[in-house]
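First comes one chain, alone, set out as structure tokens in the form predicted alone.
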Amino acid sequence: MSVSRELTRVGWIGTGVMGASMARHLLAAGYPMTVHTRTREKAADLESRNARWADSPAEVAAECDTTFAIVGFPADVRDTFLGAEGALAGANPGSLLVDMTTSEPSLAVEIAEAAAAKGIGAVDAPVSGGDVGARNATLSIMIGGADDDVVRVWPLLEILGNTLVHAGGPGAGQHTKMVNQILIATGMIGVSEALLYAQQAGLDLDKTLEAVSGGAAGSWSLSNYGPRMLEGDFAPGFFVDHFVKDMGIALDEAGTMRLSTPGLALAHQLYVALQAQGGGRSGTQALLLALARLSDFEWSRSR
């Protein structure tokens, strides 16, 4: 698959923890870019790299062949794509809209249907890998959409990630991301409880992490978040607020399927507790702190 970089102008909406890094990769690959985000200062680095600023998603899409967005919540996705100044309002027939936000599968279908009515393609392509994956272009990308639309966007997605899977039609990427989030949700409970146990048992935490990471207990979360937890680094690679949103979507979808997911429900409640403790803007690894408080002690690797 190939595209002409001279003829493909890329639009990018959303320059948060992950979006800014992803947009930089496309600029570095030679694609001209038009950018929009709610706070223009957050696009300053991209503008310094010759991205052009636009005042609305509609203006971005009007200038671009392919318009990406990675925003916060489903309401943001709806406004970004379907609002009066949304991307669909400005997009030209034959162009392509790509939502990389983790959002509702039903909304992905709605966007695809509205786009198709105007002769515009739409793809849902949520990602996994956090800030590290975004910076290193090693994201896993779960893709939903019509075959022709996915073929068109594939070369651009290859710049952003190293695991790309076309899961099915519109909404299938979002459903696959829900599977991903369910796996992570309960896994983070295990990582947090295990490290707290190690601390209370008086173990050397670095040696313990080394001992268990390479065996059957190893996981992406343990290898990537474990070292941060040991250092007391709870800065967001992925916001707790956004993870609670994702788990809420997964619980709603499971309810629609009449599927019981008690592990997911427990993880959701523990993360809601972390939000209540003021941790909503922390990274998901901060679950460790909420669980420590349940046992009435403070996390400290030196303990």
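One rule holds for the numbers: they count along the sequence shown, beginning at 1. Just so it is clear, the structure is predicted and the values come from calculations on it, not from any experiment. Take the two forms, find the largest set of C-alpha atoms that superpose within 1.5 Å, and that set is the rigid core.
One more form of this protein, predicted in complex with a further copy of the same chain, exists but is not displayed; see below.
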property	result
Which of 108-116, 77-85, 226-234, 202-210 lines the interface with a further copy of the same chain in the predicted complex (heavy atom within 4.5 Å)	202-210
Contact residue in the predicted complex, from Ala44, Ala28, Ala276, Leu266 (heavy atom within 4.5 Å of a further copy of the same chain)	Leu266
Of Val71, Val191, Leu156, Val127, the one that lies within 4.5 Å of a further copy of the same chain in the predicted complex (heavy atoms)	Val191
His175, heavy atom within 4.5 angstroms of a further copy of the same chain in the predicted complex	yes
Contact of Val272 with a further copy of the same chain in the predicted complex (heavy atom, 4.5 Å)	no
Contact test in the predicted complex: Leu291 vs a further copy of the same chain, heavy atoms, 4.5 Å	yes
Val244 within 4.5 Å of a further copy of the same chain in the predicted complex, heavy atoms	no
Contacts with a further copy of the same chain in the predicted complex - residues in 149-184 whose heavy atoms fall within 4.5 Å	Val165, His166, Ala167, Ala172, His175, Thr176, Met178, Val179, Asn180, Ile182, Leu183, Ile184
Rigid core superposition, Ile184 Cα moves 2 angstroms or more between this form and the one not shown	no
Large Cα shift (2 Å or above) at Pro93 between this form and the one not shown, core-fitted	no
